[in-house]
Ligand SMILES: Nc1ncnc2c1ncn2[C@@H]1O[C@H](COP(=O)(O)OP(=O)(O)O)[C@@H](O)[C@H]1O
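Next comes just one chain, in structure tokens: the form predicted alone.
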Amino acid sequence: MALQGFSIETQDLTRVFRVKRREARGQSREIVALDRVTLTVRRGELFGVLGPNGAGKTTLIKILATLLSPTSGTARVLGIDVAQNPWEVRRRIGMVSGGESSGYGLLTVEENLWMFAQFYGIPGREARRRIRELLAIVGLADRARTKVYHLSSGMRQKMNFARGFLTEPEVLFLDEPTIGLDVGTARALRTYIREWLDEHPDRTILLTTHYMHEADELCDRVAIIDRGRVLACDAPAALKRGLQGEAVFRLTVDGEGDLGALLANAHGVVRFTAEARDGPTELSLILADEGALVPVLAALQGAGARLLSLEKREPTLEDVFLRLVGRALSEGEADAASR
């Protein structure tokens, strides 16, 4: 349970990047990575920021971790303005970034973590204990004396994860911490994240992810962000309850033609996604009510589509995202990659 007081506060936080236009020399265009973001994160809370690649999640964390300056607005960590007093913020936080290539390649895993512990003044005996414990948790105990340049990218990510928890920071930023890891390792790390916060109730974790199940499993509250704006912020269960008045269905159909255009014009369809695989098309539908399913099925039948399966299910965070953003998370990733 979160304690009283805020660990993180932002007010109208905005970050604009200016990039040169390829087609016009000397000219630039603006990309708004964060657009007037206002958030509060309580002490003891595991707070998630959920969104597709390019939504602004990493920009938010970099500002809070003093790696980027805001264009406008304010951000405070533990009551300290990140722009006015960055060194005091850095002393009290930790950060893990997914896919990060860090560490000194000629040093071993153990030596890298030992060096980092000494930067923070952790006594030798305690540092060795924490290193042993964390390497066992991330599955690198047998690689403690392996030089970092011999590690795979997944193993480096495990080392980075251990490094983030090594100093037991007051606020820990986890930016896509399980990206690129196998399912078993990711599950073990999620378990450790939750247990660590339960054992350190005065600490705070801010987690960014585009894995819906990760946010649902771990977070006390979630902010859904897209194109730099916060679209909703609440507990995962509360966000899903917001869809209880609507009906969520998953259909598999076999047929040709533009099913997307058909559904876009169908009465009672609030949001939908259509994912064509090798053969059948999987449809996710959010309908105004259950009665809207009848005309949808009739429209599909009229277009020559054959219904293979039909399932009504409880709303998920994926459905919440679709309802708010108007597209599936995977579509958002494709958009980001094309920009």
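All residue numbers refer to positions in the sequence shown, first residue = 1. Because the structure is predicted, anything quoted here is derived from the model rather than measured.
Missing here is the form predicted together with the ligand; even so, the following discussion is about that form.
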**Study point:** Interface segment, criterion being heavy atoms within 4.5 Å of the ligand in the predicted complex, picked from 30-38, 309-317, 266-274, 291-299
**Key:** 30-38
Practice item. Please check if residue 70 has a heavy atom lying within 4.5 Å of any heavy atom of the ligand in the predicted complex. Key: no
Review point. Does residue 56 make contact with the ligand in the predicted complex, using a 4.5 Å heavy atom cut-off?
Key: yes
Point to revise | Contact flag, residue 44 vs the ligand in the predicted complex, heavy atom cut 4.5 Å | key: no
